[in-house]
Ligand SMILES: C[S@@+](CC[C@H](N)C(=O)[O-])C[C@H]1O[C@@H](n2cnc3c(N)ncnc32)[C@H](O)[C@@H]1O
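To begin, one chain is listed below as structure tokens, in the form predicted alone.
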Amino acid sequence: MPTLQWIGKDAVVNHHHKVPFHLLKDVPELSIGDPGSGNLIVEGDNLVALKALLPYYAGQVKCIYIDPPYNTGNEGWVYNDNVNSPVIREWLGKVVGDEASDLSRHDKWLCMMYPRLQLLRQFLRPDGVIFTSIDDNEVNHLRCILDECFGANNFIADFVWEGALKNDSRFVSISHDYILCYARDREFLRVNQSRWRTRKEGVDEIYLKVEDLKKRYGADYGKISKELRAWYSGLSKNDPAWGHRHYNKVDQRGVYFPSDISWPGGGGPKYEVLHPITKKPVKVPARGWVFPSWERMAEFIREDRVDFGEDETKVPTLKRYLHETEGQVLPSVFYKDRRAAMKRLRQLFGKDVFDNPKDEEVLAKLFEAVTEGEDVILDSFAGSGTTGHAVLKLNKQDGGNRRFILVELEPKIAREITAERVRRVIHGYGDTPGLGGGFRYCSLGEPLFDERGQIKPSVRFGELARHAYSTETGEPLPRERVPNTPLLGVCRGVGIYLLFNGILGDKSVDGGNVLTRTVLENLPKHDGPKVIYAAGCRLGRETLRAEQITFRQTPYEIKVT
């Protein structure tokens, strides 16, 4: 497969491995609601933050959405990754300019994006997916590095988002952006028959109307159907529900429309079907019945899915229920005026606070198609907090409990815009009611290890436990486990242990941090292979073999980067 080359690529291809692990530091005064809700906002450089989050969320994220700098030349972004390269060191701290003033702007952007994409891939579940917003400035380069990081065979689609027409362009009005979509493993999606669907607009409005009519008329479905048709006739043609006006009948199963019951193209069977009341053969459609056999037709009649007329002179119809067809596939080209998102954000804050925010309604549609239940959604270029808003909005709509992780570099933006927007959305603002929820706010703490590779004295057992477990298994320590025991967990039949910080109650040199016979006897039991991380080991090879123990010495056998 052809690959893209650029200045600095050799230095950044493996840079994500060299980024040190940092701790996450709680900032409780900026957290809102239940800190255990699973929602998280992290303030700090997203490359470092992603590495810090990896022991907790590797392989756990269903959907990633990112909106990185478009590299237009006027965004004011600065390249600041600490890469061991003379060329790259010359870029540090300098604002990336436009094409005329900065000939290496594309190289800088690619060097910034590549290690972040490599880390992001490690967060995705086998059925996970990533969406990346971009425009013409870097879309070709982005497609190349996404192919390289995720695999060209995992490309799903290039969405085209058309916004408002600009009439001030010299040549052509560029009114669209792109959203590139890649799967973690497209073949996994195919084998598991994954289907991405969103609810058609206007459907919920119809359901609410029918529920209201049921309260008035009970089980009198004739009156309910008549009133529903009258309601449709009073709708504006711009109302999304108006487009479903053919769903104008109601029975005990739901809202339906009477559809054609004849064989497509003609030549279908013409067996006899009796009317349920007159007991006479009903009129057969000219093209024959849609069902190839009477047995299949009888099955649908028993299930009350065939709508008969008043007598046998009418051709029956087939009931097509709205709840069975309410899903629709995502279109690859769509229109949504970007000014609407800007207007809503202005209303939320009472002033303009952020340029070009993404539209939470668009993101909610993407998330609706690919996520459900308690899925985790990650955004490492959080900006104005649109992703958090979209997740809360979607949960409110469908009763889900999706969780978001937002990472924002700039402290002022993270605190005063990202977190503040989500806070207002949770509690409500103006006449807009709150969506509920909460989030935990964190900043980046110190590195887990010092410059000599030693574990820092301030590191707590739980922090190192998650790190050691992730190092050994490639998976995060399950969220429900509280690491207050040396047996961190069992993964694929192997017990993972950590002796650190006197977890067994003995902090002496010969005590709980060193694997001795006494310590081994006091460890929680696991009948099978064991991996034990400890500062030292005083057991012989025969004992280790007999007890099925693989010893790993801390800190040297825990990944520093």
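Residue numbers here begin at 1 and follow the sequence given. None of these values were measured; they are calculated from a predicted model.
Below: the form predicted together with the ligand, not depicted.
Put simply, of 59, 536, 69, 38 only one has a heavy atom within 4.5 Å of the ligand in the model of the complex, and it is 69.
Checked against the ligand in the model of the complex, the candidates 422, 129, 407, 465 yield a single residue with a heavy atom inside 4.5 Å, and that residue is 407. Considering the ligand in the model of the complex, the lone stretch of 210-218, 299-307, 349-357, 274-282 in range is 349-357 [heavy atom distance within 4.5 Å]. None of the heavy atoms of residue 319 is located within 4.5 Å of the ligand in the model of the complex. The ligand in the model of the complex is approached by residue 79, whose closest heavy atom lies within 4.5 angstroms of it. Among residues of the shown chain, residue 88 is one whose heavy atoms approach the ligand to within 4.5 Å in the model of the complex.
When the ligand is considered in the model of the complex, residue 44 lines it closely, a heavy atom lying within 4.5 Å. Using a 4.5 Å cut-off to the ligand in the model of the complex, not one of 486, 500 and 532 places a heavy atom inside that distance. Annotation for 378-396: interface residues with the ligand in the model of the complex are 380, 381, 382, 383, 384, 385, 386 [heavy atom within 4.5 Å]. Between residue 143 and residue 84, the Cα distance is smaller in the model of the complex than in this structure, by no less than 3 angstroms. Note on residue 6 and residue 86: their C-alpha atoms are more widely spaced in the model of the complex, a change of at least 3 Å from this conformation.
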